[in-house]
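Next up is one chain by itself, shown in C-alpha cells, the form predicted alone.
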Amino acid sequence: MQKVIVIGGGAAGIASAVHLARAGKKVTILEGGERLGRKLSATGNGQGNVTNLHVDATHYFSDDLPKVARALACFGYRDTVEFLESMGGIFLPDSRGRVYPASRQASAVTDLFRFELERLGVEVYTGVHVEEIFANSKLRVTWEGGSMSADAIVLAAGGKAAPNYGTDGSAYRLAEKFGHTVTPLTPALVQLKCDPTLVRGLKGIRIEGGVCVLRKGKLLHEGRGDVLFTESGISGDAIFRASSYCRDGDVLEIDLLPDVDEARLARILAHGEGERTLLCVLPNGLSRFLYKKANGDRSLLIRLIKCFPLPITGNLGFVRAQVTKGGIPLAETDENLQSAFCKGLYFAGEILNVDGECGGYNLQWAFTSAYLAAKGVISC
C-alpha cells in the first residue's frame, strides 16, 4: 500500500489527506500544533466562509494565473461544496456569494474533517515539527526524536501569516533545500495603517463604503464592503480586499455613502443646519468628525463624504494578516503541484505563491490545491 505523509494539519493538509485515504492510501498527518484545523476553525470570523460562488482566477494573485485558472477548472466551488457535503453538513451561499455551513460555525467544518479522518483510519501526530525532508530511494522526514519514510509527501504547512496558528514561515526552508525559490513574502488581507490623527475619534465606527486604491493617481483597485475605523487606521472586509493591492504611500479613497450621488447629497444637506446637517446620513460620530473637518463648508463636506482620502503608511503585519502573499512559485511545480526538483514531493495551500481576495477565495485555493496534490499522488 502506498504510504503518504502530509506535513501540516490545516485546511489544505486535512483535505488532501481525506482524498488520499479515500483512494486507499495509507496516510499520516504530521502537525506542529496541538490540534488540527486551528486556522480553519477561525475562518470567516468564526462562521466558516469556505468558498465563493464567484470563484475564478481574476480573484487571485500568483506568478502563473493561467495555471490557477486550470486548477480551479479541475476543482472549483461546486466541487468544494460537494466534497464538504460528502462528509456531512449543509453549505449555503449568502447574498454576496460567500458559502458557509448552514450552522455558521467554522469549528464544525473542522469537526467534519476530524471525524472523516478518524473514519478513514488516517494517522495524526500533533506537536511534530518537521526539521528535514530527505529524498533517497524513498522520501523521509525527520523531527526531534523521530523520523518516517513514505512514497510521497504533501507539504501543506502554510505560509507566514497568523503565526498564532503555527504558521511562522519555517516550512519554506524544507522546499528550498531541493532548489525551490520563495518569492518575496508580504502580509495580505490585513488591517491598514494611516496617520492616526486622520482618524482620531472614529475608532469603532463601521459603515458600508466604496473603496479605491490609488498609486500616484492611478486606480489599482475598486471595491465595496465593510469599513471599520480603528485607532491607527482602517479594517473591515473591503479594506482586507484592498490590502492585497496596497502598499506604503498609496492613497485609499473611501466613498462613505456609495448609494447616494453628489447631487442628491447636496439637496439633502441644504435642509440642515450646523452638525444637524448630517442627521440620518452618517453615524453621529462620523458626522461630527466630518463637519468639523469641513469647517462648515458644505462643498468640502460633500467631497469628504464621497471621497475621504487616507494615505497608507503600512499594515499590521503577519501577526494580524489572514494570508501570505508570495511563496513557492507555481512555475516550479507541474499541473498536479509536484515539485519540479523532487519527485514525489507535492505542495498544497498557502505555501505556494497563490493568494486570493477576501471572501472564501483562499480556502477555495486550499481545497483546490489539496485535490490536485492528492490526484498527482494517486496517479503516480
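Predicted model, so just to flag it, every value in this text is computed and none were measured. Residues carry their position along the shown sequence, with the first being 1.
Heads up, the form predicted together with a small molecule isn't pictured, but that's what we're talking about next.
- Query: Of R140, H129, R104, R298, which one comes within 4.5 Å of the small molecule in the predicted bound form, counting heavy atoms only?
  - Reply: So the residue touching the small molecule in the predicted bound form, by this definition, is H129.
- in the predicted bound form, which of the listed residues (G210, G166, G76, P283) lies with a heavy atom within 4.5 Å of the small molecule? Looking at the other structure, the residue within range turns out to be G166.
- Message: Can you confirm whether G32, Y361 and A366, the three residues that make up this candidate site, all sit within 4.5 Å of the small molecule in the predicted bound form, judged by heavy atoms?
- Response: Yes.
- Taking the partner as it appears in the predicted bound form, which of 67-75, 155-163, 263-271, 225-233 has residues with heavy atoms within 4.5 Å of the small molecule? Among the listed stretches, the partner-contacting one is 155-163.
- Task: Would you please decide whether L337 lies within 4.5 angstroms of the small molecule in the predicted bound form, comparing each non-hydrogen atom pair?
- Result: Heavy-atom contact with the small molecule at 4.5 Å: absent for L337.
- Query: Can A11 be called a contact residue for the small molecule in the predicted bound form at 4.5 Å between heavy atoms?
  - Reply: A11: yes, in contact with the small molecule in the predicted bound form.
- Task: Answer yes if any heavy atom of K39 is within 4.5 Å of a heavy atom of the small molecule in the predicted bound form; otherwise answer no.
- Result: Because a heavy atom of K39 falls inside 4.5 Å of the small molecule in the predicted bound form, the answer is yes.
- Item | Any non-hydrogen atom of A321 within 4.5 angstroms of the small molecule in the predicted bound form | Judged by the heavy-atom cut-off of 4.5 Å, A321 is in contact with the small molecule in the predicted bound form.
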